[in-house]
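Listed next as structure tokens is one chain, alone, in the form predicted alone.
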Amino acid sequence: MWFPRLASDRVLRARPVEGPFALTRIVANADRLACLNPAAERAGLSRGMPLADARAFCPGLRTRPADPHADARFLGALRRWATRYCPWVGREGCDGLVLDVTGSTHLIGGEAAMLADMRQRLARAGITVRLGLADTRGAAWALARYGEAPAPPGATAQAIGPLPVAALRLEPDTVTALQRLGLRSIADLAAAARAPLARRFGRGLMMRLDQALGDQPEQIAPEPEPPRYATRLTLPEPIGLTADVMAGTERLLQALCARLKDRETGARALVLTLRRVDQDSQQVELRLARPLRDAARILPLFERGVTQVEAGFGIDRMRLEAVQVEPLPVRQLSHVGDTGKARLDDLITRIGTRIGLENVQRVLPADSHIPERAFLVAAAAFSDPGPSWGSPRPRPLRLFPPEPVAGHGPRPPQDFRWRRMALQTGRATGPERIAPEWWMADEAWRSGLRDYWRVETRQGRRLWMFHTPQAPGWFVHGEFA
């Protein structure tokens, strides 16, 4: 199966567009067309054309940026759908699928019926497809892109012989060189002497030819299904007490954690589904600050969510699934415990279940000498504590936008007013000159250099003040503890 318009079909299925449409991608600092719909191709546009030239040819062209990750997910969904025809389905590049239908076609009424069913279903879904059927993988690839007529059994050479040499999955430079030698079709290449071609183009050329003709095997590796971490418990009698639900959750957790340990993974998000006797279901979601597979640590974190469940006439089925997992390799045991970090992670998880893990934040050092940019605020559950700040000079506990004060000269004023308070300078330490980062567009730093001073007032305030030499003035930027 080859989907020549996979990306554009994916977008147009969700948002149909009348007229020429194309997806663009930045290549060599220029927007170029990546995938087009039939209307754009009829307008004379082609893949790889610069977007500016395309708009000149077709002023009514509508475009959107390409999303390769979404295209890959869409192709994965098509791969799962294609398993209705055979169990051996793999990806062929970024826009195709390869199926080994040996022994499966009779279940659908034969090869012709199977191909017709594929075309009908995909056309109904708005997906353009070209199909190739042959005895070998290489021949099927060639027919899907250059022929599309199915090759009769045992007649692979006759079916792909008239096709161009590019149908052998060769590099563009190799195709050009073969055409210059007069070898334009696969039949011409098969009839030529092998030894001179192998010496000039290497063994890869002959290998591709042999794979297409069936003289050399080429296996189909189906894409394995991702592992699912889920356990289920069916109860002989409905339950409704919190203690009973927690006991069932404990049994599910032990089985799930054993499976996670076998694959050296840990759960970051868990979903407990409780089905009641009236066929209604309720879910308890748990997001963890760190990947875990310790049932004893995870179980108490479910208690708050379980107590809020409405059991109704009773719960008769429980299902626990780890919907998000991360690698968690086995660690060497040591007499030095890491209980402090584990307790902190459990505390973050407990607080996160109430207010959200994203709202439990920590401050991390950043690589910048500008005070406002010298730190980052990140979610504690998705970041590790940073190293020591390592600032050569102390920084204030509170930092706020600069507030102007009256003062003259390069040294801090002796008497000044700040926030309706009359203050007197008792001791001043400085200056510390900080230059703006010219590569950053920051309106607050367009005044130029700043000379910072630590000012201890007689009234007890310890301020962080700076002076701007370019436009003389004094400002209060922070306050020490």
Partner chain sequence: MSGLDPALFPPKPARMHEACGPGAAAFAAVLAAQLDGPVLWVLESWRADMLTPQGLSAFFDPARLLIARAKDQTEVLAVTEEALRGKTLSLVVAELARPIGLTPGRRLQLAAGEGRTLGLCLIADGAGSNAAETRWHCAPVFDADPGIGDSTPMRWEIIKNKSGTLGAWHVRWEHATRRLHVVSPAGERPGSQGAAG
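Take the two forms, superpose them, and find the largest set of C-alpha atoms that agree within 1.5 Å; that set is the rigid core. Positions refer to the first chain, counted from 1. Everything quoted here is computed from the prediction, not taken from an experiment.
Omitted from view is the form predicted in complex with the partner chain, to which the following refers.
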The single option of L344, A77, A113, V323 touching the partner chain in the model of the complex, heavy atom within 4.5 Å: L344
Tell me, which of T176, Q120, T234, Q361 has a heavy atom within 4.5 angstroms of the partner chain in the model of the complex? Q361
Site check R84, L205 and P224: each within 4.5 Å of the partner chain in the model of the complex by heavy atom: no
Taking any heavy atom pair closer than or equal to 4.5 Å as contact, tell me whether R454 reaches the partner chain in the model of the complex. yes
With the partner left out of view, is R395 within 4.5 angstroms of the partner chain in the model of the complex by any non-hydrogen atom? yes
My question is simply whether F400 lines the interface with the partner chain in the model of the complex - judged by any non-hydrogen atom within 4.5 Å. yes
G426 near the partner chain in the model of the complex, any heavy atom under 4.5 Å? yes
Considering the partner chain in the model of the complex, find the one stretch among 176 to 184, 380 to 388, 315 to 323, 153 to 161 with heavy atoms no farther than 4.5 Å from it. 380 to 388
Taking the partner chain in the model of the complex and a 4.5 Å non-hydrogen atom cutoff, the residues of 368 to 385 making contact are E372, A374, F375, A380, P385
C-alpha of E456 off by 2 Å or more between this form and the one not shown on rigid core: yes
Core-aligned C-alpha movement of G76 between this form and the one not shown, 2 Å or more: no
CA of L51, rigid core aligned, shift of 2 Å or more between this form and the one not shown: no
